[in-house]
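Alright, here's a single protein chain in two forms, structure 1 and structure 2, each given by itself as structure tokens.
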Structure 1
Amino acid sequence: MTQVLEVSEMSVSFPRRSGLLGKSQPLRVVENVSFEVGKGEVVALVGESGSGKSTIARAVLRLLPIDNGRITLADVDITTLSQRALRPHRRNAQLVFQDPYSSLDPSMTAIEIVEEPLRGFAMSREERLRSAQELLASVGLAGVEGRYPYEFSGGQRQRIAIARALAPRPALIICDEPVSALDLSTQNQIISLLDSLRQSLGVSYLFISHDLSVVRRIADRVLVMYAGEIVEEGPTERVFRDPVHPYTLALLSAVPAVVGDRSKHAKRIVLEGDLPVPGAPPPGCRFHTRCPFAMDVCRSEVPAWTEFDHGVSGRCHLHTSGSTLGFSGLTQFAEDAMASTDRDRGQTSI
């Protein structure tokens, strides 16, 4: 058995009341997602803001109730364990929360925060503090162990949160936007730290990020989410080269180039049309309201999950409904289409 985390057909909803006295009707924000993370594997979860990535992270760790589905963590089915029975297993998976401001207890010092998850271990207080101090040093925070969270900048807090997640040596770390608050130099340091842990200890990561250049560097596989659903899955290189889903394509086209390659801007796909409303997806393909290639079938039929020859799976009618568009064709088609619409609008690159 080599999977650290297996999630199958998981759905999550939030209760939502309509009106003051209205009945509570659940709002389903994650729908039937399935994926697994292998030992030592880095799986990236990318997707639009509000598509349900953080919800998946919290639900997988049973911090949120799930509607249906099955979660297996390090070979233990934790779906129905009681919170008490779950406690010993929690050490196996740690979460770096998206918001480093509210996820650190303001009444504890940096070193206490990092030392806390070590409490269950057979270590003396001295040993725990020393190991917490080493962890803080490894994220570039030596010498400020006794300070409180409010004394740190945003990026520094994020690093405390990362050190805390590393402390109990988990098999899986779920990182919710772990480096997005960091400058590139620090980002690179942290990423290579995470990477070296994977190599030396075989830690796996579920890496939630919207930064595709980071994802491309460290992820073995990518999951793309749109409006609560996984719409594409495959090995990073292949997904980046031949995306199946037009949404992935739009994501890939929108990365701002630092310098030089300004020609990229000309190809940016600007998504238009109605945004998905959480819990009330449009009929048919959820992306059809904004898809530049939408066909009639997309408005009525839900595309089936299909595995394609190049190892990428996804949901899109374009490739299955007799359209002539191939995978590389999609990229090419998009480039041409965008180039021509840009010309029409007289839009130029900056």
Structure 2
Amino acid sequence: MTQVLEVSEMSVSFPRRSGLLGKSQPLRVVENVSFEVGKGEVVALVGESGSGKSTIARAVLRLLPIDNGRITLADVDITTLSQRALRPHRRNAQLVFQDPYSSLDPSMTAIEIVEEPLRGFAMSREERLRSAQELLASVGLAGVEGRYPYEFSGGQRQRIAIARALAPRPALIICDEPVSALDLSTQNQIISLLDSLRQSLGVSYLFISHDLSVVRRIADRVLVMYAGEIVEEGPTERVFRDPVHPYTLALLSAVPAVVGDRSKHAKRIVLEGDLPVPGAPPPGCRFHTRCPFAMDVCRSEVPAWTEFDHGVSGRCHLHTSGSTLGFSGLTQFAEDAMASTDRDRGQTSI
């Protein structure tokens, strides 16, 4: 598969002032993250708020500086490009924000909002407006070109934002919680629209979300983040059915449909405590302070990244320490939990 985005060993820090003299100390919030997004693929980045998902999105777009690593976008290494050299490559990756109410300029009409990204192209104004009109029609908003953002619903505003992101014909769209501010019915409409555009245009998505029910509908692959690092990744169906990390299991058990109709074996994992303080993760496994299955080795040794036969990879001592829970225990929990989810929704597959 052709890769439109390759991120290798990327770390991101924020400056932090401390001490009487106010010396700046780096605060590492993303640690050695690596992943790829293929052409026409949807890769979901999931985790709790504060895990580093949005930081990754902005770093990939070079809106934040990175400490180390490499970012390759559409076969071009953009890691160290100057802002001027980066400008022609920005069209290859666009961002759809979480809040459709604040991401659109209230003083511009719908067609002006979508036409604006085309002003850097060698196109006449008539060509730009015609293209913007076609883009609005492609997201189901034909005939509304002269209306202002306040005249649209939240779902319609998000459609305008999607049309704007499509205007430069990007290879990749980063969707940062694009449906979390919308009601359930509108969420379903936007997800269906994104999937339709992916199939018709071949665009790829890096889809950031904390909602696993949404991720389950749209993503080909899932990356699970905890405290600034990826702890599990793999094809969506396989991660949902056979997770290898207890944190993924906890996220799955928190899906409302599972909570509403659990089988006697599918007990919800309630995580106690908070995420580690950014820049100061605990020793050993970062998750051990909240993990219900933590062992002594988890508190002292960083688990190795392990690949499993079913195509899922992750870092957890449960699969390498001889624990009696191990892989089969996690798998059984997931099977019970997701079977319960399927019954609630009247479906048998993703």
Partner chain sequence: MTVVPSEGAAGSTTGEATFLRKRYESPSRRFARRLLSQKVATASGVILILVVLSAIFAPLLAPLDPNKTDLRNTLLPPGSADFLLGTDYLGRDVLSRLLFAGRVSLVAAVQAVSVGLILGVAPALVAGYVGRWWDWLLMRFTDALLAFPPLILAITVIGILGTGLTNAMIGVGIIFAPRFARITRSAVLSVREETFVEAAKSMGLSQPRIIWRHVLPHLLSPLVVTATVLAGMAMIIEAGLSFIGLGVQVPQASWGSMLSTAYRFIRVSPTLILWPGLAIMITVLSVNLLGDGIRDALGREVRDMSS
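Start at 1 and count along the sequence of structure 1; that gives the residue numbers used here. Computed from a prediction, not measured in an experiment: that's the story for all the values here. Whichever C-alpha set is largest while still superposing within 1.5 Å between the two forms counts as the rigid core.
Matching structure (the form predicted on its own), either 1 or 2
The form predicted on its own is the one given as structure 2; the other form is structure 1.
Smaller-part rotation in degrees, where the chain is treated as two rigid parts between structures 1 and 2:
Here the smaller part turns by 17 degrees.
Please give the CA displacement of E127 between structures 1 and 2, in Å, after core superposition.
It moves 4.1 Å at the C-alpha.
Core-aligned, what's the Cα displacement of M108 between structures 1 and 2 in Å?
Between its two positions, the C-alpha of M108 lies 3.9 Å apart after core fitting.
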